[in-house]
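For reference, the chain that follows is the form predicted alone, supplied as structure tokens.
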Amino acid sequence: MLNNKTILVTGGTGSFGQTFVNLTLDRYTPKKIIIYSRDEMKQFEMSKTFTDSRIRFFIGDVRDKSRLKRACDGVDYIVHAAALKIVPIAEYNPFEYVKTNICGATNIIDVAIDRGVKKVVALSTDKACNPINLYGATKLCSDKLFIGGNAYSGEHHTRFAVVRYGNVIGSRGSVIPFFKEQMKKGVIPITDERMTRFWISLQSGVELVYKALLKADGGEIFVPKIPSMRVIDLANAIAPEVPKKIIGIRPGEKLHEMMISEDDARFTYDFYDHYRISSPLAGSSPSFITSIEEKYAEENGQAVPSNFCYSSDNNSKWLSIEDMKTLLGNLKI
């Protein structure tokens, strides 16, 4: 799939980008992987780890359309991981998030079409499903832009898809390093004992991107079947002896996260290891539904019930404290 192809990864110096590069070089023989990001120091540090001649570093911001256009010359695939992500900061700097997460997505779409990129896979988040904070709202808008980009591409045939998942074990922005830092202070703050979250490993996140690159026809949102965990159990897995203090839910936080809402159920199909939300832009006519069901039946995909909802509190898969301890040990976190 990626052999002899040129891939551009926006936000490529992050945890996801580095894992993607590692796995891609291990499994495929790409022609080139372009790391596109705006932080020169992170690129410099990454270049000391990845010395393969096929890795190229390109300083640029997704807000800068002309720079992005230059970087995408000859690119076959784009993996769009660049985003502003911290929920409380988004509330105080809303337009900065709009410029990166929404305007940046628009630039990716325009440049990908103009440059003849074959396929774009954009990373999303569970916070984009029924959002209550600005970060989630910008990612929902981004998702809609990428889905709409398929109709916008016309004769250029660039295809756009989205992958959506929850908290990433091992990423810099997860709550795990925060809890580890709080251990040193002698107390770990917990917002609510009932709070649950979805969890996925960095490798599984990359695997989902590979699946989307291979399977997407355009307009789909790929959602993995991943486990949930109570946040209090996570804290006890990391620091069982450290006292926990309940501080209450912060502005913009949900008690539970959702990846597929009931409103999306009529477009959602259940596969062995993931769900796939087909594009609502194609309509819900009987002929459309029949064609989708026939296509997905070849992969043993089935339509979910009309009242289906995939939330971190109604999940069938759960991580125990011991499960998380094992995961953290295996990942050396």
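Just so it is clear, the model here is predicted, and its values are computed rather than measured. Numbers for residues come from their place in the sequence shown, where the first is 1.
Form predicted together with a small molecule: not shown, discussed below.
- Annotated contact segment (heavy atom within 4.5 Å of the small molecule in the predicted complex): 78-86, selected among 230-238, 205-213, 78-86, 178-186.
- Each of Ser15, Leu123 and Lys139 comes within 4.5 Å of the small molecule in the predicted complex, counting any heavy atom.
- Arg38 is the sole member of Lys295, Lys32, Arg38, Arg67 with a non-hydrogen atom lying within 4.5 angstroms of the small molecule in the predicted complex.
- When contacts are judged by a 4.5 Å heavy atom cut-off, Thr100 counts as touching the small molecule in the predicted complex.
- Among heavy atoms of Arg172, some come within 4.5 Å of the small molecule in the predicted complex.
- At a distance threshold of 4.5 angstroms between non-hydrogen atoms, Asn167 is in contact with the small molecule in the predicted complex.
- Contact annotation: Val62 falls within 4.5 Å of the small molecule in the predicted complex, judged by heavy atom distances.
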